[in-house]
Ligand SMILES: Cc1cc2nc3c(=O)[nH]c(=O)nc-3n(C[C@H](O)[C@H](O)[C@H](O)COP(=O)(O)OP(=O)(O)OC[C@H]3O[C@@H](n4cnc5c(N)ncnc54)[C@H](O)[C@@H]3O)c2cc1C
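Taking the form predicted alone, here's one chain by itself in structure tokens.
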């Protein structure tokens, strides 16, 4: 059944809407999808049940809500149990403003993903743009498409998991093949490999294909050939460390305003936001946007303006060379810049449960809900955390897992999670929320996670529960260990920025630090790594935009010497 076209199913009792929508769907998508149209919802549910039995993929389920059909929302709510990975779309009629509150309430409770207006003319590109975005998100989640890279490894292996996550977040079309299957063994034999170290990475887009056996990150980056270390004497106006929302925003604004810009990223674009399956509260995206798509568009935008990138190279040190700043990387290269923007973000805090540390990548994951969700199909899954990232992960995993339990240490989610996410979690039938609960222990079977010990962290009884997957999204540990002591940090390790009240002499001489500047002149910090920052994507992007406005003043006050200006191509 895998080679059959995915299904787009439309159901409505309104004959006008059915005729218009069916014609639009068949005209635009009939060549790549099987368009199924049902005149009543009982028939539509029976069709969905049959498609599930036949293991057919359903990409979109479209129901109507308006004066001619008041049952579409209930149908979409029930459709989730039959095909949870399908995108559910409400089609409304323009001008039916009385229905908007009901439709928006249904979307807020997770009964549908998006609202579209029934086309009133041919070539309604707004309508089709919404459907194409939904189909794009669906395909990204399914991992269907061109196999630019083939990854052969073990299903439950930490390194394999890390590469799958990195390739997916960087929008590199990837096909994973389990080395333990007959198909995986045939692929290794075709490559002339007998019992190789795993994983094996095959770059199918090169001619001839490039085969890498148990490659390091640097070997993968060099094989792709996209990023080369700059000449040793090159000087950038701005070196941005980190390609999360704040770092990418800084790159967009810097390069669009004529500043030579390099972005260094050790793993994947998007940071923690890039792992979010659906961000619903980012301004300008009323239908929501996946973190991966938002990050990738920002990456392309900065690239188009001239930003250079260095991927899969870890930053190891920050120093000074006269008025220049130097960034040392894991491949031994050193990048020089007139200024540095620290946008390294944060890592999720570890659970501190010893028996689970050895199972990372084999059932225990920090973040990574998007990349690993399909492997949780039909399983019992637990998510730890009380913030938006944990809520989004639980909802995404619920599309695949048999049941998802969200473990929250506190008595409520109200203070840490957006209200729309709480409403969706409570309305999703295969999601449960356990308050005052934490993971206290775990057990394995055949080298993979098999169960957890769950209980109140402040004392009381414990419970042993079966679990095939544990996704941890708790706390914030700033990525600042690579910074020198000259960069001041708070007690939790976050970078301090802005004027220092203790530096009265500097303030009197007009040399006080700029709002986002660190204690090391010419070095700025933005986004989650900054002390006192608000942990939201929009505010991180705001930091990235603001820092470039501040940098112009700093660069003007610290012009390059002629020799350095000549090597950088910049004007002093």
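Residue numbers count along the first chain shown, from 1. Please read all numbers here as calculations on a predicted model, not as lab measurements.
In what follows, reference is made to the form predicted together with the named molecule, a form of this protein that is not presented.
Q) For residue 112, is any heavy atom within 4.5 Å of the named molecule in the predicted bound form, or not? A) Contact check for residue 112: no, nothing within 4.5 Å of the named molecule in the predicted bound form.
**Q.** the named molecule contact in the predicted bound form: residue 536, any heavy atom under 4.5 Å
**A.** Although the named molecule is absent here, residue 536 would touch it in the predicted bound form, with heavy atoms inside 4.5 Å.
Q. Going by a heavy atom distance of 4.5 Å, is residue 482 a contact of the named molecule in the predicted bound form?
A. Residue-level check for residue 482: yes, a contact with the named molecule.
Q | residue 343 within 4.5 Å of the named molecule in the predicted bound form, heavy atoms | A | Yes - in the predicted bound form, heavy atoms of residue 343 and the named molecule come within 4.5 Å of each other.
Q.
Just to be sure I understand the contacts: of 76, 264, 335, 86, which is the one whose heavy atoms reach within 4.5 angstroms of the named molecule in the predicted bound form?
A. Going through each option in turn, the one that passes is 264.
Q: Select from the listed residues 241, 152, 384, 295 the one whose heavy atoms reach within 4.5 Å of the named molecule in the predicted bound form.
A: Exactly one listed residue reaches within 4.5 Å, namely 241.
Q: From the candidate stretches 431-439, 474-482, 295-303, 153-161, select the single one in contact with the named molecule in the predicted bound form, where contact means a heavy atom within 4.5 Å.
A: Only one stretch qualifies here: 474-482.
(Q) Using a 4.5 Å heavy atom cutoff, which residues in 245-270 contact the named molecule in the predicted bound form? It's fine if the answer is none. (A) Heavy-atom contacts within 4.5 Å come from 245, 246, 247, 264, 265, 266, 267, 268, 270.
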